[in-house]
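In structure tokens, one chain follows: the form predicted alone.
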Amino acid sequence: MSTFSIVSGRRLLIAAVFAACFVSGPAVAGMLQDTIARYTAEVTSADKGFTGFSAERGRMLFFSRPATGKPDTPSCTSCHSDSPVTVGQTRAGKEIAPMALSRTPDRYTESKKLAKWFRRNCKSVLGRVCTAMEKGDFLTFMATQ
């Protein structure tokens, strides 16, 4: 692992947290920073070569169609639309606020709610619980949107 990639990963994490601060204020940024720090600790304990979360991997997760979950929810975009900055819709027709932190600044402020939705949506789309790496990447991507 090169020093450059380690520094780049850390810079990306710092940039994501900074973006959250800039876009949505200190309280939301603090919550997001704490959550990302928790996922960082979890990933680092299992992978000493961890270099940071990736907005690109988070983007790929959001747009992927793994076909391993429920047939009616083959991807995040099934309900959350093809753009994180637009409104989504549940299968029952209920509106879902945009996923992007820039559009819904309070979306990631409650850790219990965040855990619930990660658990539910990951099982629905992926057919399993998301890893800490996937959660960190996803949040990093949403913080850039």
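Sequential numbering from 1, following the sequence displayed. These figures come from a predicted structure and were not determined experimentally.
Heads up, the form predicted in complex with ligand HEC isn't pictured, but that's what we're talking about next.
Enquirer: Within a 4.5 Å heavy atom cut-off, is Ile36 in contact with ligand HEC in the predicted complex?
Expert: Contact with ligand HEC, no.
Enquirer: Answer for Phe141 alone: is it within 4.5 Å of ligand HEC in the predicted complex, judged on heavy atom distances?
Expert: Close contact is absent here: in the predicted complex, Phe141 is far from ligand HEC, nothing within 4.5 Å, heavy atoms only.
Enquirer: Can you work out whether Leu32 and ligand HEC are in contact in the predicted complex, taking contact to mean some heavy atom pair no more than 4.5 Å apart?
Expert: Flag for Leu32 set to no.
Enquirer: Quick one: is Phe50 in contact with ligand HEC in the predicted complex, heavy atoms, 4.5 Å cut-off?
Expert: Judged by the heavy-atom cut-off of 4.5 Å, Phe50 is well away from ligand HEC in the predicted complex.
Enquirer: If you check in the predicted complex, do Ala92, Met99 and Arg120 all have a non-hydrogen atom within 4.5 Å of ligand HEC?
Expert: All three within 4.5 Å in the predicted complex.
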